[in-house]
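Next up: just one chain, as structure tokens, the form predicted on its own.
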């Protein structure tokens, strides 16, 4: 540290995504005089939950992005840089420009990383040769192009090993594509396959029967324990490692006309390589308080945390309230008052105009917001997903207004 400038800040937030912006706003709502700094290298803030709808022609791509400067709350300072390392014993982080930032409290919320390179040949063919993904801002419109132009052939949708952000998104892309082809009378000429690295369609068993009705309706072929490992875009071929009942793995080759890929995902490298990580690389927090298990002045929010909840914006929306209350309690040396129940939500877009609104917590416990049967596909869920939740995100969540986000 000798010869390098040390900047001292009070509360430092790593990450200017959903969790980072929202926790800054929520803290300021509770205590206006807090000195808060966000460290975030990107100049754009993205609303990722709508990319599924962009890929279905139901949402405008440009409405999912805003300048970062417009999203960071007033009275919060922004350091436009990336964190490269942590030293929790000395309460500081190091930036990619060499600066050292010292903190009294640290909130870690950088999201997760998409490991496109883990699939051989994928990066060089993304956005062409029928290979697309709703997991990237620039590729979601190409998904819609492919859905519109495909009239016959084979469409393959993939899901990597868990955990991933929005575990339902891989199959949501399939359902919405099939719904479009069904509406156009083309579905009978398109062979639809889902290749899932896991062994079940959805992690919360209560929702599987409703989803299976649509799998049968669309005549989609489910392939479990099937992991995409290699792609040859120009040849329109993909290879999968398929595990049989005895644990043996065989490579299977598939031709395709459209391939929607969800890449493997992990905690960011700078988290995995830090003293803050658990054995799997995630930020090691207490799953109830979201406080780091070894460093009491550090908390986590969002996809990066080790808690076994669904990695969704809905989860972050409630986690923000938990952390805001618990961090302020920690600063005042009082018991942490708020407990996170693992809440997450996944609006499963089973067809254009209908959604199964999956809301659940730890252990798959159903946690519905509305007094309606959560296992029934509804138009209300579609309106919520397409119209209400984007407005809630930009105008409430990012501004510290905690509508439907209060913990029990």
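Model, not experiment: these values are computed from the prediction. Residue numbers count along the first chain shown, from 1.
Heads up, the form predicted in complex with a small molecule isn't pictured, but that's what we're talking about next.
With a cut-off of 4.5 Å between heavy atoms, is residue 64 one of the residues that contacts the small molecule in the predicted bound form?
Flag for residue 64 set to no.
Report yes if any heavy atom of residue 240 sits within 4.5 Å of a heavy atom of the small molecule in the predicted bound form; otherwise report no.
The answer is no: residue 240 has no heavy atom within 4.5 Å of the small molecule.
Is residue 144 a contact residue for the small molecule in the predicted bound form, using a 4.5 Å heavy atom cut-off?
No, residue 144 is distant from the partner.
Whether residue 51 contacts the small molecule in the predicted bound form should be assessed with a 4.5 Å heavy atom distance threshold; does it?
Yes, contact at 4.5 Å.
Residue (of 321, 82, 201, 76) lying close to the small molecule in the predicted bound form, criterion heavy atoms within 4.5 Å:
The option sitting close enough to the partner is 82.
Which listed residue (157, 135, 181, 207) meets the criterion of a heavy atom within 4.5 Å of the small molecule in the predicted bound form?
Answer to the contact question: 135.
Interface stretch in the predicted bound form with the small molecule - options 295-303, 184-192, 123-131, 211-219, non-hydrogen atom within 4.5 Å:
Correct option: 295-303.
In the predicted bound form, does every one of 109, 270 and 347 come within 4.5 Å of the small molecule, counting any heavy atom?
Affirmative, all three are within 4.5 Å.
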